[in-house]
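For reference, the chain that follows is the form predicted alone, supplied as C-alpha cells.
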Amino acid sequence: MLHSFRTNAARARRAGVMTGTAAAMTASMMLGHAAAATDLPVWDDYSYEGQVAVMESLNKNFEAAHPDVKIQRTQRTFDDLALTLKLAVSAGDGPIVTKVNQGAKDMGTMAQEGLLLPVDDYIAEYGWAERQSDSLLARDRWSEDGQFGTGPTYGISGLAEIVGLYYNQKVLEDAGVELPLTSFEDFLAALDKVKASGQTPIAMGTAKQHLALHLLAAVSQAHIDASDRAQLDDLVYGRGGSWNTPGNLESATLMQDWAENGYFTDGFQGISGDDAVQLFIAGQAAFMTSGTWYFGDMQINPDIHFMAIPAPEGISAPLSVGGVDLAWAITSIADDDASRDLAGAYIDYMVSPEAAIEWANAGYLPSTTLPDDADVDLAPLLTEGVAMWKTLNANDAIGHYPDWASPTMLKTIDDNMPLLLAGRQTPEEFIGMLDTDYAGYLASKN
C-alpha cells in the first residue's frame, strides 16, 4: 500500500476556511511544528567542489530560517547512493530527505515498496508545478503497478541536466578546425583533424563514473528528431520496443572505432571519469561529452564551451540526453506529520527561486526558472547552457538516460561497455545485451 498524506494547511484550504492572515498564521504554526523535529537527515549526491559549496550555503540558509532544525547532511557519489539508499531506508536508519535516481532500479522499486512518499500535496501546497513543467515532473512519477511516467509524483529536482558536447576552442583552432560545428559530419571531421594534429580528440575515463554511457547515448539520441521520439519514450517508460535501432548501432560502432583507433584518452580504461574531466580542463583533449553538472568545474578554463552534439543530415531538432538531476524525495522514515512537513519545507527551499539563483551564480543550470529580476551574472558556459535548455524545451527535444529503462540496465551497460570498447563484443552483440535485459524486465512486469 502506498503512503498518502496531507498537510494541515492543504486540508484547511480545501475546506475553504483559510484566507489572508489566518493562512499566514497556519503556515507559521505548521513550520513551528515541523521545527520540533530537531534533526533532519539528508542524503545528496552533490560531490563536486562547486556543488558542495552551494549545498553548504543552502543548508545554512535553511537552518537560519528554522533555528530549531539541524540538518545532518550525508554526501554520497551517484554510485554509492544507488548501492546504499534502499537498504538504509529499509533498515530505518537512512535519510528522511534524499536524492534518488528516477529510474526503475531506484525510484521505481522504492515507490512500489512504500519506501518513498508521494509529494503531490506539496506540489500543490508550494506551487512547484508553476516552477517546473509537467513533462519534467512526469519523470518522477510511478504508478502502483510499476508504470513509469504516470501515477503519484515521488520527487522534484533542483538542477536541469543536459548531456552535451564540451569543446576546447583553442585546441580545435590549433588543429585547424573551423567553428562552429553545424552538422554531425562536421564533428566527425573535427575528430579526425584533432587526431592528425597529435592531440587527443575525446577525453574519456571508464574506471569510474559514466562518460562512455553519456557519449553513447548522446550520439545515439542526436540521431533522433524530436518529432520521432515516441520509440525512445516507449523504451524508457517501459512500454516496449527494441534498442536495436540504426542510431544505437551506429553509436556503438563509433564508440568501438574510437576506442580501437586512439581517439580516447590514452589508458582510458584505468582512468576515472572525474580524472578525465580534469585532464580535459587542463587542455589535454578537444572534446568531452558529459552533463551540465560539470559547469562549475569547467568554467575555470575560458577556452571551454558547451553545445549540443550537432544533428546528422536530415535531423532538424535532435534530442539531447538529459532532463533533470536526481530528484529530491521524502522517504518512509518520515513517519509523522511533523517530519513530513519539515521534509516538504526543506525540498521547497531546494527548488525555490532563491536556490536557483545560488546555483546559477555558482555556474550551474537550475531546473526552476530564474526570476526576471534575478541578480545573476551568468558565466559564459551557463549562458550557453541556458540557451540550449530553452531551445530543447521549445522543441520538446529533451531526451532520456537509457539506464532508466530497467532496474538492471545501468549494470548491463557498465558490464558490457568495456567489452565493446576492447573489441571483445560486436556492436550488434552489445545492443543485443541491452535488448535481453529489457525483455527480461518487461516479462517480470507481466
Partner chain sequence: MKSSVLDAPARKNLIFLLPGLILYATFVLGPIIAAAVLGFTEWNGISAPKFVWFKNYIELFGDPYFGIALRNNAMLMFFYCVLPLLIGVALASIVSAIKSREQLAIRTLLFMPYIMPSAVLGIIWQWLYNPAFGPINQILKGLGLGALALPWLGDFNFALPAVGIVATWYYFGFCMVIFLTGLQRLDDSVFEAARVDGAGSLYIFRRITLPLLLPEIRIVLLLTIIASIKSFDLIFTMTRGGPANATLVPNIYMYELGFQLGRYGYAASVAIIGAILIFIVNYAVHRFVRPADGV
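Positions refer to the first chain, counted from 1. Between two forms, the rigid core is the largest collection of C-alphas that superpose within 1.5 Å. Keep in mind that what you see is a predicted model, and the values were worked out from it rather than measured.
One more form of this protein exists, namely the form predicted in complex with the partner chain; it is left out here, but the text below deals with it.
For a residue to qualify, one of its non-hydrogen atoms must sit within 4.5 Å of the partner chain in the model of the complex; all three of E113, Q278 and A422 qualify. Among the residues L216, M350, I271, V194, the one placing a heavy atom within 4.5 Å of the partner chain in the model of the complex is I271. Note on contacts: among P302, G176, G262, G267, the single residue with a heavy atom within 4.5 Å of the partner chain in the model of the complex is G267. Though the partner is left out of this view, A129 does not reach within 4.5 Å of the partner chain in the model of the complex, counting heavy atoms only. Of the heavy atoms in D415, some are within 4.5 Å of the partner chain in the model of the complex. Interface membership of L370, defined by any non-hydrogen atom within 4.5 Å of the partner chain in the model of the complex, is ruled out. With a 4.5 Å cutoff on heavy atoms, K86 counts as touching the partner chain in the model of the complex. You can rule out all but one of 320-328, 104-112, 305-313, 246-254: in the model of the complex, only 104-112 has residues with a heavy atom within 4.5 Å of the partner chain. Annotation for 198-224: the only interface residue with the partner chain in the model of the complex is K208 [heavy atom within 4.5 Å]. Shown in the overlay between this form and the one not shown, fitted on the rigid core, is a CA shift at F78 of 2 Å or greater. Here S367 does not count as shifted, since its C-alpha moves by less than 2 Å between this form and the one not shown after the core is aligned.
Once the rigid core is used as the reference frame, the Cα position of T253 differs between this form and the one not shown by less than 2 Å.
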